[in-house]
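We begin with a single chain expressed as C-alpha cells, specifically the form predicted on its own.
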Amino acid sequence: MIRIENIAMRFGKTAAVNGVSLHLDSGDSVALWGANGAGKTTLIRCVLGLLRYRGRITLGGHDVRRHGKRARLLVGYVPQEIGFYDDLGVAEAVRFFGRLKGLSHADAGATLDRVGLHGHEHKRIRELSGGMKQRLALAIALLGDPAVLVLDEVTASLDAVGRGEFLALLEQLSGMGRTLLFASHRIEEVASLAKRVAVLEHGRLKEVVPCGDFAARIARNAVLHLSIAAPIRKRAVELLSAEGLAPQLNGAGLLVPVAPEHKAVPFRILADAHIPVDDFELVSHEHAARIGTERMPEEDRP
C-alpha cells in the first residue's frame, strides 16, 4: 500500500532524510521512532507530497509526485498541530472538509459519533477542549474511509487523560484493514498501535523491528518523566533519592530511571509524602536526555 524507495530530502546543506526505503502492505501498521531531527515528520510530509524529494513514493500504486491528487485521496492525515478556524461550527467543519475531499454529502452526525463527539455538533470549535479538537481532526481524516491513516505525534499536546482517551479511540479504529503510518516518542502508543517500528537516526533508517521486540528493549531502559509543581520538585528529589532512585530535575518536573518491574515505586513514594504528580509519561533514555536538556532551567542544571 505504501512504498517508500530510497527517499532523500535536504533543507539547504542538511540531509533531513537520506536514502530511506520502507514498504507497508495493506493493513500494516508502522511507527516512526527517533529523536527530534531524526527525519520522522519530514518523511511523513514526503509521503503526503508536501515536500520535494528524490526517490519514489507510491500510495496504492499511485506515484505521489506524478499523481498526487489520486494518491492523497487514499490518505487521512492528522498533524501534531491542529489549525482549525475557531469560529467554525463543529458540524460545519466536517461538511466543509468533506466538500474539499470531493464528498457530495458528509453525514456530520455519524462522523462525529464515530469519534465520540456525539452531541457536540452545534458547538464552535473554540469551545472544544484540546482532546476534542484532536478527535475532530481524526473524524475529518477518516472522511471517505481512506485506506491509509497517517498520524504525526498527535498526542504530544495532550495531558495524560487526553492521551489515554485518544489512544483508546485509535485502538478501536485499528484492525479494520486500514494501513497506519505514524510518528511517536511514547512507547505506550507504539506498543498499542504498531506491528513494526522503523527507527530513524540523523535522517537514515537504522532498523525496522517487530513491535514486541522494540517495546521489550525500551522497557529495559525506561525513564519516567514526572510533571510536578515547581515549589515541591526539590523535595520530591530528596524523597526519591533517599529510596535509592536517581531523579534528575528538568524544567517541567523530574526524570526518574526505573526498572520495568518498579515503575510504580516513584508514585508510591510521592503519594506517601502527599506530593501530587500532575502528569507522567514513560520514555526512552534517548528521549529523556533530549527533554532534560531542552527544558531544564539554568538554576536546575548541574
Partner chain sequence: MSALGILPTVGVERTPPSVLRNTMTIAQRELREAVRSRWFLLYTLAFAVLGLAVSFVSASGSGGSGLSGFGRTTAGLVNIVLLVVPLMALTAGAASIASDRERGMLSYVFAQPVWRLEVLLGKYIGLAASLLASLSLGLGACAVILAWKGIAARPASIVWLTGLSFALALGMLSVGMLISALARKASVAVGTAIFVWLILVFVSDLALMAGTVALRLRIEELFLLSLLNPLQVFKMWTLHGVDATLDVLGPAGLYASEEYGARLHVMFGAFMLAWVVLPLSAAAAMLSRRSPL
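All values derive from a computational prediction rather than experimental measurement. Residue numbers count along the first chain shown, from 1.
One more form of this protein exists, namely the form predicted together with its partner chain; it is left out here, but the text below deals with it.
Practice task
Would you mind picking out the stretch of 188-196, 223-231, 135-143, 206-214 that comes within 4.5 angstroms of its partner chain in the predicted complex, counting non-hydrogen atoms?
Solution key: Contact-bearing stretch, as computed: 135-143.
Handout entry: L151 within 4.5 Å of its partner chain in the predicted complex, heavy atoms
Key = L151: no, not in contact with its partner chain in the predicted complex.
Problem - Contact flag, P257 vs its partner chain in the predicted complex, heavy atom cut 4.5 Å - result: Flag for P257 set to no.
Exercise for the section: Indicate whether its partner chain has at least one heavy atom within 4.5 Å of a heavy atom of R235 in the predicted complex. Expected result: R235: no, not in contact with its partner chain in the predicted complex.
Practice task
Examine L181 and determine whether its closest non-hydrogen atom to its partner chain in the predicted complex is within 4.5 angstroms.
Solution key: Close contact is absent here: in the predicted complex, L181 is far from its partner chain, nothing within 4.5 Å, heavy atoms only.
Problem - Answer option from R54, R268, K69, H262, heavy atom within 4.5 Å of its partner chain in the predicted complex - result: It is K69 that has a heavy atom within 4.5 Å of the partner.
Practice task
Scan 80-105 and note down the residues that get a heavy atom within 4.5 Å of its partner chain in the predicted complex; none is a fine answer too.
Solution key: The stretch 80-105, when checked against its partner chain in the predicted complex, contributes I82, G83, F84, Y85, D86, D87, L88, E92, F96, F97, R99, L100, K101, G102, L103, S104 at the 4.5 Å heavy-atom cut-off.
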